[in-house]
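There is one chain below, alone, in structure tokens, taken in the form predicted alone.
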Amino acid sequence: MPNLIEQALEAALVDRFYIGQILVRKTNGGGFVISHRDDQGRGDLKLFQSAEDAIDLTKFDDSGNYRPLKTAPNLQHGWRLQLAILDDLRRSLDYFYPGRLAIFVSWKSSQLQITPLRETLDRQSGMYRIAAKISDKQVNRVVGDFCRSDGGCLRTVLWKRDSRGTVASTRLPPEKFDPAFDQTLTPGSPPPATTPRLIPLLCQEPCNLLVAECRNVVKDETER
């Protein structure tokens, strides 16, 4: 899989590309520079030079709050990560957005397995088993709030609500389900005249944090 991921990165690295809130640029010397995409043009960025530095850069937002969801749109600003080789780039991006490059490669090769929300909830056990009792109305609200790109998560939702193919939430815009759409942009707004290539953050199945949120909703309802 690492070789396939590096091939995908090479194909995207004609010059630069976006992945989530990150801009990746190729240097004249053959290395790579990663920074927050909002920080383009800044000259006061703190320099880092190891792929493992990404581990700490992803932990907290600008206010010092812990980031439990790495694909949330709250990546901290003010840094520049300079890397020498493609393997360093691959490893660092996997720290920023764990597993997303492998998911992208599987999707590109039409081998990605996508799991509906109801199937994920039905297989829960222990304290999370109660999450399967969530109603469709509650699902529509919870997914619409939790998964929205503005303040929620930057992943593009590929999964459905159930095996019948019901949309995950009618409260999410159509762009939320489109891998070609840049989730950092406002749905319905005109795209920039020029923009780097995009590697989307794909969501093939509901995450553990969403499952926990479903559980909380059901638990709160039953305790009233």
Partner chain sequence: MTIDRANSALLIVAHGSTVNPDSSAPTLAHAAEIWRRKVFAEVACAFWKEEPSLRDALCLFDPKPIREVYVVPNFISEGYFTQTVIPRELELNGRITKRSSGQIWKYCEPVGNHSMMTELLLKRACEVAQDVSPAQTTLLIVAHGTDLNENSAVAAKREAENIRALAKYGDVLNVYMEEPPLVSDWKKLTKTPNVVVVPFFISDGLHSYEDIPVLLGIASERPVSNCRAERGEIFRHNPHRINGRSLFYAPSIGTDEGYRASSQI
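Positions refer to the first chain, counted from 1. These numbers were taken from a predicted model, which means no experiment stands behind them.
The same protein has a further form, the form predicted together with the partner chain, not shown here; the description that follows concerns it.
Taken together, the three residues 56, 99 and 123 all lie with some non-hydrogen atom within 4.5 angstroms of the partner chain in the predicted bound form. With the partner chain left out of view, the stretch that reaches within 4.5 Å of it through heavy atoms in the predicted bound form is, among 32-40, 56-64, 180-188, 161-169, 56-64. Although the partner is absent here, residue 80 sits far enough away that none of its heavy atoms falls within 4.5 Å of the partner chain in the predicted bound form. For the chain shown alone, residue 145 is not a contact residue for the partner chain in the predicted bound form, no non-hydrogen atom being within 4.5 angstroms. With a 4.5 Å cutoff on heavy atoms, residue 87 counts as touching the partner chain in the predicted bound form.
Although the partner is absent here, residue 26 lies well away from the partner chain in the predicted bound form, with no heavy atom inside 4.5 Å. Contacts with the partner chain in the predicted bound form, taken as any heavy atom within 4.5 Å, map within 64-94 to 66, 68, 69, 70, 71, 87, 91.
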